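Below you'll find only one chain, the form predicted alone, shown as structure tokens.
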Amino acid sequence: MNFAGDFDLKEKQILEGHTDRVWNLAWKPASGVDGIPAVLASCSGDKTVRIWEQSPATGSFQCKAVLDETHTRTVRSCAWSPSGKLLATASFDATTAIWEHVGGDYECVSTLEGHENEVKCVSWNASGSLLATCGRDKSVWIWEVLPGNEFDCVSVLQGHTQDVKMVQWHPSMDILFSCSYDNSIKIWAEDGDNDDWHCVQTLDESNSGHTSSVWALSFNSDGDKMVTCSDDLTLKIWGADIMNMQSGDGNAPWLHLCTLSGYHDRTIFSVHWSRDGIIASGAADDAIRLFVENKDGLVDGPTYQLLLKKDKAHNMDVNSVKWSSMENGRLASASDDGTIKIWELVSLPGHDKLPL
């Protein structure tokens, strides 16, 4: 894809309603396409989750539901199941709630308990058959999704030495990635012989990894590259041989490809890779940055360049950036300032429209 020319991240709407910092965002799968309105979930320090829906008539987003009276502390993470039928929310109250959209309302149909304290993140695998959670207790839990909204813990993974910030399943395989305050990313896979999960690789300083807390990670659409962001002010790109992995070798190693340094001067809290290859980052300097692979010149391995920097995207830290999986160029961001913003990536006049 050719990203020649100048681009702007155009603010389309500010979503207000949360009364505390907004931590995380999740676009509902298969919404915003084929006449189905786009739906976005947000979660906050105000102990609530909000569901926002785009009006087909006006194109603007409105709050359709407030999920409250379930979590008693900050809701740190939210994630839709692949079908969009269920929404999982992880909270500092040590629980993960499962919500179902029933007759116009969202009902809490299950509560997952087990973490000792704050749950920091929740993630569904590609088929919706497994759920992962992680927390301040340094553990990663894997839950099997059973009929009737039952969830059974199948493994508790102890390996990180500090708070686990994020869990994320690989987009096409049942391999789990976690990143932590201990500066490492761990990769977990199931042992085919005894159905137990174990750590198959650790990415840390010894193999060109981060030198401070790793806050988030995201995969490209093919699943053969991963980007990670850190308190060390860098983004790192990792790659793996996807063909080897899909042939059953889940242990194909992930290797460091390149480091994007010098672009951030404050902690990078969030990173997300769009399906058309644009990496967005959200950081403590209130800015959003977009990066694309540099296709010019033949160099050893990939390099990435800054496509644009949106200064003062928010009034405070940017905690989450999420591209829509359905509509190219649409980005949502969430901040300590209590707002969510909807953005559109546009090419500036005098240039061709973004080649998406």
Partner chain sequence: MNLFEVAHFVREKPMKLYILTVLHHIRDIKDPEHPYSLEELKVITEDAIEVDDNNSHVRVTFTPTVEHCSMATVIGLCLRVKLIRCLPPRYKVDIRVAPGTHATEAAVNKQLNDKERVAAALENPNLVDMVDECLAPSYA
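Numbering follows the first chain given and starts at 1. Just so it is clear, the structure is predicted and the values come from calculations on it, not from any experiment.
Although not depicted, the form predicted together with its partner chain is the subject of the following passage.
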> Since the chain is shown here on its own, which stretch among 283-291, 52-60, 325-333, 30-38 would lie within 4.5 Å of its partner chain in the predicted bound form, judged by heavy atoms?
Replying inline: 283-291
> Is R76 close enough to touch its partner chain in the predicted bound form, meaning at least one heavy atom pair within 4.5 Å?
Replying inline: yes
>> Since only the chain is shown here, I'm wondering whether H115 would be in contact with its partner chain in the predicted bound form (any heavy atom pair within 4.5 Å).
In response: no
>> Would you classify K165 as touching its partner chain in the predicted bound form, given a 4.5 Å non-hydrogen atom cut-off?
In response: yes
>> Please tell me whether any heavy atom belonging to R266 falls inside 4.5 Å of a heavy atom of its partner chain, as the geometry stands in the predicted bound form.
In response: yes
> Within 4.5 Å of its partner chain in the predicted bound form: all of H170, F219 and W238, by heavy atom?
Replying inline: no
>> Within 4.5 Å, heavy atoms only, which of S155, S212, Q246, Q201 is in contact with its partner chain in the predicted bound form?
In response: S212
> Which residue, S270, N183, S274, S123, has a heavy atom that falls within 4.5 Å of its partner chain in the predicted bound form?
Replying inline: N183
>> With its partner chain taken in the predicted bound form, which residues across 133-147 come within 4.5 angstroms through any non-hydrogen atom?
In response: R136
